[in-house]
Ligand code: ADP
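Only one chain is shown below, in structure tokens, and it's the form predicted on its own.
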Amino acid sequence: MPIIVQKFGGTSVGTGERLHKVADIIERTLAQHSVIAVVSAMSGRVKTEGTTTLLLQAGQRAEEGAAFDAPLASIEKNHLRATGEALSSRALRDEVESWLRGELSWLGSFLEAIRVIRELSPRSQDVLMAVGERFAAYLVAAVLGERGLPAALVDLTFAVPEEEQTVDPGFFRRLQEHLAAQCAPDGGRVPVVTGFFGMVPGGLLRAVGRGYTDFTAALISAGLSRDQVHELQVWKEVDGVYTADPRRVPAARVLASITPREASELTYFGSEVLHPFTMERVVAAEIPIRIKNAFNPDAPGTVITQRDPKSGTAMRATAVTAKGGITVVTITSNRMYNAYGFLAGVFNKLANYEVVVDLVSTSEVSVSFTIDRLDEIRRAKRQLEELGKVEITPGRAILAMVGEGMKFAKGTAGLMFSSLGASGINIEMISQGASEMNISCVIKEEDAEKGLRTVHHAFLEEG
């Protein structure tokens, strides 16, 4: 049978009741497809309550020589509570609780070693993060097993081959085939896979960042042949990808489909659709991605797939999003005029402090750019002042409108900016990529919600 790879987020496995919802989804899917289930570490409604955050917190405390008992106690409490809620068999509950306590005891010893040497290396951090996914996968496998559905825990903690020493362009391509071989369904069993996929050179957070469980599912999907995989399903707590954040724009609606490039742009500019690396791997393998709601499984969701350019269905705009917490940095210098190497000097100095830049706008005598981290630019300011006058303006937001259809429509930018102007919103920077599928501007953060509603009304609402 064709395989559906299903990735479940931390919120989806956060309680015993939710674990049963996940098992319901898997069981229903098994009627027509084989399933590979990839799970994130257990989480609450916000990341600060999640297992991965608590593990990283414990590691940081250990590195500082401080007590780490409180984060571990929270992890134990959350998992034992979920176990008691999810499993009706006393014998199975005892087995799972014994396993969890054994793992936590080992974890405590590992953290104590970190506290002694006062060093948390990228590899040690990876070891810590892997624990959360291992706990969640073990629980999901136990719930499936109690239902009579054969399931097997697939622990990818040490899945990266030892000979892999650098994350070069071919690293993930080689890794996807390796992961797929370990996770393929065998003998009718459901592989329940840890979202953590191994000791990546330099550390997983540095190479991929948070959201790596989406990427794990994508690697497994891409490593299998197109004939084997029906689709990758990413189960979240929303019905799909919206035309805007429905919490901020009440008129927002779920999109039936979007393209991978649109999804990547939306993710980068504030909408948590999927990790951009996820699209890259799966799209290359021509496997569709479907965003589904674990709390509303009957909703059709949003499909991320390439759109036929001849279909004529592309809208002028697909969605609008906003990214807050932005700082604008402007460097003014007469040395820019008719000179070469000035911009290279700016970005070399930014690279010295690992400053990540979003938007860039230049004139003859100044360059402005946006960043997320105010603390980083404050450290770099002295070096930047060697090039010219530096002005730092925090409290800004990037408002971005995305849509592959924009390249075929005249007057899109004019309508967007005139709509914002009519609403009394001042535009401080403008950026449009050569692909013409994203128009972004910088506004005051306090105007972000009003700007979202204004642009959404102008482009994405009827009447």
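One rule holds for the numbers: they count along the sequence shown, beginning at 1. Because the structure is predicted, anything quoted here is derived from the model rather than measured. Here the rigid core means the biggest group of C-alpha atoms that line up within 1.5 Å when the two forms are laid on top of each other.
Keep in mind that the form predicted together with the ligand is missing from the display, and what follows is about it.
Contact check for Trp235, Tyr242 and Arg247: all three have a heavy atom within 4.5 Å of the ligand in the predicted bound form. In the predicted bound form, Gly9 approaches the ligand with a heavy atom inside 4.5 Å.
Glu272 belongs to the set of residues with a heavy atom inside 4.5 Å of the ligand in the predicted bound form. Superposed on the core, the two forms differ at Leu452: its CA moves 2 Å or more between the shown form and the other one.
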